[in-house]
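The chain below stands alone, shown as structure tokens; this is the form predicted on its own.
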């Protein structure tokens, strides 16, 4: 077993025992297929928790030999735990962990973003998307978690992206203690050119 597998197992176990939100392996494997396909230079993640999804994405970035992750968590204790997990797994040099309200933190990012994961408070999806949109490159991949269980709370976000961009909703049966069926929304962002 690699150190990555060991750390991932520990994080998975703790999330299940303590009810800490995480993707679970079914959705994480799906997410990483898009990371592999996009080969992003910069992933931005809203909602680090203790690093479960970050570990999956960082493992793909390391394997690709390119890219980095900026991950945002509002809870300082969880953010510290996540960073410790990233460091132990050997990914510390690829990740920039930031603590604070995602809407505020996203406005401080100046680099082009080609991959975005929304996995924080459901009602913050649209404000977070709007905060980072000026940095999104044409063709950026945007993945939103929990669009099955959280659809009502993120209705503004879903209406916005579904009416403007190429989107797909993918459903999953999961083995998580708190949810057995949920969905992810994958959006390919396109810059809208306005004629002047």
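Positions refer to the first chain, counted from 1. Just so it is clear, the structure is predicted and the values come from calculations on it, not from any experiment.
This protein has a second form, the form predicted together with a small molecule, left out of what is shown; the following refers to that one.
In the predicted bound form, the small molecule stays beyond 4.5 Å of every heavy atom belonging to residue 88. Heavy atoms of residue 67 never reach within 4.5 Å of the small molecule in the predicted bound form, leaving it off the interface. The small molecule is not drawn, but in the predicted bound form it has a heavy atom within 4.5 Å of residue 75. For the chain shown alone, residue 158 is not a contact residue for the small molecule in the predicted bound form, no non-hydrogen atom being within 4.5 angstroms. None of 133-141, 58-66, 43-51, 161-169 except one has non-hydrogen atoms within 4.5 angstroms of the small molecule in the predicted bound form; the exception is 43-51.
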